[in-house]
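To begin, one chain is listed below as structure tokens, in the form predicted alone.
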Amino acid sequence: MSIIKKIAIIGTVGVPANYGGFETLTEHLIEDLGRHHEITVYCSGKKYVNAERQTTFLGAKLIYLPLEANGVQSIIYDSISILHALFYADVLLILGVAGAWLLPFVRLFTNKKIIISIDGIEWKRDKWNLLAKWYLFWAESMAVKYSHIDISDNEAIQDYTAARYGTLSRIIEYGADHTMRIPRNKDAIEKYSFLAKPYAFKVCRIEPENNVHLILEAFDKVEKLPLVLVGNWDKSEYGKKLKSKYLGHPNIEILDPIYDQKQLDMLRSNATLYIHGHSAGGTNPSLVEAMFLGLPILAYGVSYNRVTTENKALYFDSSQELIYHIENLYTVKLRQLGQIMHEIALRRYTWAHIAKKYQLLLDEVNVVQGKSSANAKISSLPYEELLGKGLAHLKTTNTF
């Protein structure tokens, strides 16, 4: 049996999970690893008001900080969490790079073990301004250099870190078997009339990097299959403009965020097709969840999505290509594609499998002496050649 460790999980909004992939990951790590380790989770007091706060969750201790866990405040949020965890934790499991500026000091003055998930190539996301991109670019390098083990959630991210830093990160994706197929009923159809007929479905943050504008532009021009799109439309000018433009469109159903897991599962598990537009990041939780539900996937054709789906989904790079796929779909093809996606998810994206990988890292971190080196010759190729090979994510220079 593994030695019992005191583990601090840093960088999430908190648990119970209501807000995103890291939170769902944390909840399942508590369930699987909490039987053998003492776990503490840092939570945002801005998201969990006093009436919702618990002192423990499934045996894990919860500590609340009066800060937002995302955006600019995440730097302070993660930094305070790291400093506090130094007083008791054996292992700091850090999700995201916002507080990585502290890691050189943690390594120099303590014997704490650091495992960090770099959460995709965060500095390339369009939502950040130039200063934020610069900081995240630098923080990523601190995270990889000064952690004992760093995690990539996708093989394409592992390729990138090998090319940029010459080290080998560990690949651990996300689980998806918490999702359920929920049949539609009369009450559900009365509330959501689109459930009575075939429809495409998408759930995401309404951000340019998720290509929401491109997807809406395509469905504006087709009539074969309506689109249901769930997201935080009112959080940005980008979302507000798109909502204003397409709200009431006969082929597009715009829904605000749905935090109830069963309701969300009911809407997407009855969909005919799942549209995935993410162009940045790594293994996306909403994508693997749709795969586990057996939904046929039509995804934006970047390397991350191709790796996640083992290059067996349908892909688009423009609204014209998306329109082409929608107009050429047929029932047998969709059924076969859904079965393939479900098989991949059963093999790779279950929480028991993910938790086992984290346990192996906890066992390894006490004995690891240094990071495995990786000689990535591909990093010497010019950007134009990388782009032509579909490997643009391996560009390692800081062009913001």
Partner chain sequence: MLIPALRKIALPIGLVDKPNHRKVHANSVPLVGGIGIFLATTLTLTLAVPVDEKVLVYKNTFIGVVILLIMGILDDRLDLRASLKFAIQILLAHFIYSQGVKIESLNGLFGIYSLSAWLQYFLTIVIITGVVNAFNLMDGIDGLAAGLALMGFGIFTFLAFVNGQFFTAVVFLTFIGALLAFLRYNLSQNKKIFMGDAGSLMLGFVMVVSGLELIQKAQGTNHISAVTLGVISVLFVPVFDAFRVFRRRIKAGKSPFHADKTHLHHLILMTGLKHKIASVLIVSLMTFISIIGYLSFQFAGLTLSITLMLLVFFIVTTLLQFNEKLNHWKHFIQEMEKPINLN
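Numbering follows the first chain given and starts at 1. A quick note: this is a predicted structure, and the numbers were derived from the prediction, not measured.
Another form, the form predicted together with the partner chain, is not on view; read the next lines as being about it.
In terms of contact with the partner chain in the model of the complex, the residue from F105, Y192, F137, Y238 that brings a heavy atom within 4.5 Å is F137. None of T283, S303, T179, T309 but one reaches within 4.5 angstroms of the partner chain in the model of the complex through a heavy atom, and that residue is S303. Contact annotation: L130 falls within 4.5 Å of the partner chain in the model of the complex, judged by heavy atom distances. Within 4.5 Å of some heavy atom of the partner chain in the model of the complex lies at least one heavy atom of E321. Among heavy atoms of Y274, none comes within 4.5 Å of the partner chain in the model of the complex.
Contact between I121 and the partner chain in the model of the complex is found at the 4.5 Å heavy atom cutoff.
Residues R164, S279 and D317 are all found to lie within 4.5 Å of the partner chain in the model of the complex, as judged by heavy atom distances.
Only one listed stretch (82-90, 259-267, 293-301, 224-232) carries heavy atoms within 4.5 Å of the partner chain in the model of the complex, and that stretch is 293-301.
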